[in-house]
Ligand code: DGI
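Presented as structure tokens, the chain that follows is alone, the form predicted alone.
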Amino acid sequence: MDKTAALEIVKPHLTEHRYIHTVGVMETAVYLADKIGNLHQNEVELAAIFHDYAKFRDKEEMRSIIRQQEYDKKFIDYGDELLHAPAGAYLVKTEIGIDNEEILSAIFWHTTGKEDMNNLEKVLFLADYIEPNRIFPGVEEVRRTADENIDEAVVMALRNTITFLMKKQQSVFPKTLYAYNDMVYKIKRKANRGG
């Protein structure tokens, strides 16, 4: 499936504002993927286009999918904002017919991150955070860092998210903490080895 067909499929499922966000994520993801190399542009585009496919689905439908698929129950426990990523991966597979596991995994983890993210997962997570329509404190610094070092930018985005939640006295999804710790550890290990 090419990006034009994918955008036509996803558009009716999104608000106009979220569709503009989705196009921004797609363009940003392609830009970041070019910096990393070794990623298929079509896979990057499809992951980005469908990342919010379930964003406006009924919350109970998404909870039901998570329960039926026996996904981590914490997705339900840690707030409704997390539901659309795992539910979306399932719906993209069952309704759209995309069965590429890398695309589905990137969609599944785009909100929380996780330890040992592959390049497509990192690209989608970061593109969702820094796409041009996002305006919030700290985003410009993450954008600048992404131009230089994608791993460092992912760490910044994770840290900002964790700090934001903590300041609001909200719980932090465990995989987000694992993602942060894993990325920091790998960056330090790489620096200690001299690159």
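None of the values given here were measured: they were computed from a predicted structure. Residue indices: 1-based, along the sequence shown.
Not pictured, yet referred to below: the form predicted in complex with this ligand.
Proximity of residue 108 to this ligand in the predicted bound form falls outside the 4.5 Å heavy atom cutoff. Heavy atoms of residue 161 reach within 4.5 Å of this ligand in the predicted bound form, making it an interface residue.
In the predicted bound form, this ligand stays beyond 4.5 Å of every heavy atom belonging to residue 180.
When this ligand is considered in the predicted bound form, residue 171 lines it closely, a heavy atom lying within 4.5 Å. Residues of 74-88 that come within 4.5 Å of this ligand in the predicted bound form, judged by any heavy atom, are 78, 81, 82, 84 in sequence order.
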